[in-house]
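Shown next as structure tokens: one chain only, the form predicted alone.
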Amino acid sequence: MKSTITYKVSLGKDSYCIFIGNKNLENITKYIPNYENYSKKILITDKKIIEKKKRLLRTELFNIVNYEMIVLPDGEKIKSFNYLQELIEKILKFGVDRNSLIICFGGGVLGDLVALAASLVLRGIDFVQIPSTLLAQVDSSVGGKTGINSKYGKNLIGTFKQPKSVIISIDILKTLDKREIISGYAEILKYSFIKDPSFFNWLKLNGKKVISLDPSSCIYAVKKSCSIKSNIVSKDEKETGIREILNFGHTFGHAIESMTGYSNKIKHGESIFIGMYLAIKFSIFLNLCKQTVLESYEEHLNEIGIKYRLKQYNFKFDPKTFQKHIKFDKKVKKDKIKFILLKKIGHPVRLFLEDEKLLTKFLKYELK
């Protein structure tokens, strides 16, 4: 299974391609436009990649000639000003110019940080994403968002910086643990709920195969997810309109991550499973959708054995504190919280909450 699927993200002069396949790291240079013309190449990865993916680095990426390498720690902690400064200084130490290329090989956390650094060094140099996790392959590597965290919330500091290409290779997912794979499945499921009911029907039949990393099922799920996201991003690069629907489940989910200190107590995808569950329940609470939507969500996740309730993670949050963290979310405008909710599967709705007492009442019931 060596055929590669190509999707174009159409953004004028910033357009780029996503390459999806099963053995795409065997010759990554053919997926990097004008590779030979770059004056300097810098590969940035993290310690987990070095430990878990030595074979890939040794047999494929190490075949890239004349490149420098930067290795960072892994984990959400690197999405900070301290690590951003450290990374930028290391890049500059190599004597880069504006014709240099950064290659990021890692998960979504590393990708967000490296993309932000690439947008700042010399006011912007080219970079390429090679996402190493399912979550990064279907979400953070596509779309051009960069970011680091603040004590006030997740991804509140960042820019938009589009890569020159995204190279997705399904075979590297075999090194992931089950929890990381499940975390990625959250974003796949999200795409079906915000855009494509037929994709959700497919996931009901094939979700277990995706989580088990069946190659053909994984490639289809990644392809479908990337096609949905790339289509949305092409219409709304800077998130001024339709792109906001990609935040379904994230307003609640980011609050959970913030309250747990961006620690390994809960992964991003796990918080999004809970966030989507709460968003659907809030939609029902506001009489926007029917109970059957929630039942479909619960039945699917119960069937494939994924947790989606706070109590399943042994979390107990104070409603007032939870609401406070929701208000730190970057989607708050004019002091009004914006939610992405559902009318039905495939039909999201953007809603500015006029009366916060409704959210207070909802959280008191849900978090008791």
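Keep in mind it's a predicted model, so treat the numbers as computed, not measured. A residue's number is simply how far along the shown sequence it sits, counting from 1.
If you look for the form predicted together with a small molecule, you will not find it shown, but the lines that follow are about it.
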Check all three, 109, 135 and 175, heavy atom within 4.5 Å of the small molecule in the predicted bound form: yes
Residue 49 within 4.5 Å of the small molecule in the predicted bound form, heavy atoms: yes
Exercise: residue 283 in contact with the small molecule in the predicted bound form, heavy atom 4.5 Å: no
Heavy atom of residue 150 within 4.5 Å of the small molecule in the predicted bound form: no
Proximity of residue 154 to the small molecule in the predicted bound form, heavy atoms at 4.5 Å: yes
Candidate stretches 83-91, 101-109, 292-300, 273-281 - the one whose heavy atoms come within 4.5 Å of the small molecule in the predicted bound form: 101-109
Single option in 244, 214, 74, 237 placed near the small molecule in the predicted bound form, where near means a heavy atom within 4.5 Å: 74
One residue of 162, 140, 192, 230 in contact with the small molecule, assessed in the predicted bound form (non-hydrogen atom, 4.5 angstroms): 140
